Ligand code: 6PG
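Coming up is one lone chain in structure tokens, specifically the form predicted on its own.
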Amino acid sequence: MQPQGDIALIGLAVMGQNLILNMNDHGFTVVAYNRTVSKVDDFLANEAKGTRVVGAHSIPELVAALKKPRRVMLMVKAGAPVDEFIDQLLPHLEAGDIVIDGGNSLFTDTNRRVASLAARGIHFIGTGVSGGEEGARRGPSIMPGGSSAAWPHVKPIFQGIAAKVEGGAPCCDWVGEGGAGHYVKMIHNGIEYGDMQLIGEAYHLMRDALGMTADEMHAVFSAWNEGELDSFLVEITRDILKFKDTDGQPLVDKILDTAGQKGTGKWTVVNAAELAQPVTLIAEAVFSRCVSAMKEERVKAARKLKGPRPAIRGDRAKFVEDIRYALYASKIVSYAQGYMLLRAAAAEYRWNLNYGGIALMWRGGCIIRSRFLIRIKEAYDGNPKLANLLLDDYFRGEIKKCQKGWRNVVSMAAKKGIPVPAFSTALSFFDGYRTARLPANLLQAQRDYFGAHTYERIDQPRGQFFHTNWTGHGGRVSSSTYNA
């Protein structure tokens, strides 16, 4: 029998099933396989009934059903399961075939797999796929990287099933070599952490400082979603606040305040530290989830550690507007930091990243999709070498509009004892970035005093280092200068 499959997909969890159905809708014949083979038959008898989807009950059967070059996409848990399936596939593949990892893999693992499979003549693609269950079914954001020779063979499928935005542009394009695709997905997820934390802090202020009900907050988020904060996460926050439990009470009020995480936010923060990029807002978002997990300890601490009462009196509508300013300005800082990290990674790993193109890929289908992203695309299309998003004329003007309200919210939260770590760190970063002379001169003097680590002088050219015998009884030998 002549092979019919355009692509195979391994992994029939929700994302895998929906991607298969999406591909089928766009005219591609997909071969479906799962480690638990009974899931293949269940899928064909139910969700995929009446489609062109082909079921496979073994790896050899899967490979035999594919047209050449064979394209096999893995939608399995990151880490060892990806390597295990690659090992199972390799004996049945030949030079020119393509393996695709669509999970949330760490980009360094993708670098390793690209090199390892290339040595055997196999092309490897590591691609971020964002949008959750609905995105996978109706059009996700897809961020492919890896072996560039494989891109022409998967481009029609990926761009066909991806979300479309203005003018029918697909939210999918080639990102770069090696682990670039998974890296961009990692940054997407880090920004997602930040966006969710910022929205949570806005909710916290309205709930605890202003005493607003879920229905009142639903109205606020509904209004916000009609303006510059229009986004998927604001939209679902609006819907969550309206949703009632079986007793008619807001369901959100009954959910335990401990947040989980799968690791991509942490990866972003670790990589930011490695590349010496101050991605402070995503870091605070990650650590805020860690604090939330300390539920029992927080309950005990709340009985013993007293602070001011959180209630804020005065013009409630005005303070809600200030919260909107704080949310919007902090969001700008979050994306500015994310793009700083992308630029540093491009330099470190020698990737040629299209920053405007990345904003377009995030414009639709993914979790951080928002109206705001078109402005980022315009900024980088206008100046591909833009050093920082905060220096773009549009965003500089937006920050200027927000500053007074943003500062009021952060200062009022501090006075009232309401934690707003993401709002606060965003403002601190903004103030640090716009400060021409920071106190690091004293820090360098301290380092030279106790460790002879040397310093540069403002009256001498950059790159010349000096050491002072601060005590009068130290030596003349200085430590070598380096940046860790």
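The numbering used is simple: start at 1 and walk along the sequence shown. Nothing here was measured: the structure is a model prediction, and the numbers come from that model.
Same protein, other form: the form predicted in complex with 6-phosphogluconic acid (6PG), not shown, and the subject of what follows.
| request: Would you mind picking the one in 173, 97, 392, 192 that has a heavy atom within 4.5 Å of 6-phosphogluconic acid (6PG) in the predicted complex? | output: Exactly one listed residue reaches within 4.5 Å, namely 192.
| query | Of these, 289, 324, 377, 218, which has a heavy atom no more than 4.5 Å from 6-phosphogluconic acid (6PG) in the predicted complex? | reply | Going through each option in turn, the one that passes is 289.
| query | Okay, which stretch from 292 to 300, 313 to 321, 125 to 133, 383 to 391 lines 6-phosphogluconic acid (6PG) in the predicted complex, with non-hydrogen atoms inside 4.5 Å? | reply | This holds for exactly one stretch, 125 to 133.
| said: Considering non-hydrogen atoms and a 4.5 Å limit, does 6-phosphogluconic acid (6PG) approach residue 79 in the predicted complex? | reply: It does not: once 6-phosphogluconic acid (6PG) is placed as it appears in the predicted complex, residue 79 has no heavy atom within 4.5 Å of it.
| Any chance residue 185 has a heavy atom within 4.5 Å of 6-phosphogluconic acid (6PG) in the predicted complex? | Answer yes; at least one heavy atom of residue 185 falls within 4.5 Å of 6-phosphogluconic acid (6PG) in the predicted complex.
| query | Even though 6-phosphogluconic acid (6PG) is not shown here, does residue 211 get within 4.5 Å of it in the predicted complex, heavy atoms only? | reply | It does not: once 6-phosphogluconic acid (6PG) is placed as it appears in the predicted complex, residue 211 has no heavy atom within 4.5 Å of it.
| field | Non-hydrogen atom contact residue 336 with 6-phosphogluconic acid (6PG) in the predicted complex at 4.5 angstroms | value | Although 6-phosphogluconic acid (6PG) is absent here, residue 336 would stay clear of it in the predicted complex, with no heavy atoms inside 4.5 Å.
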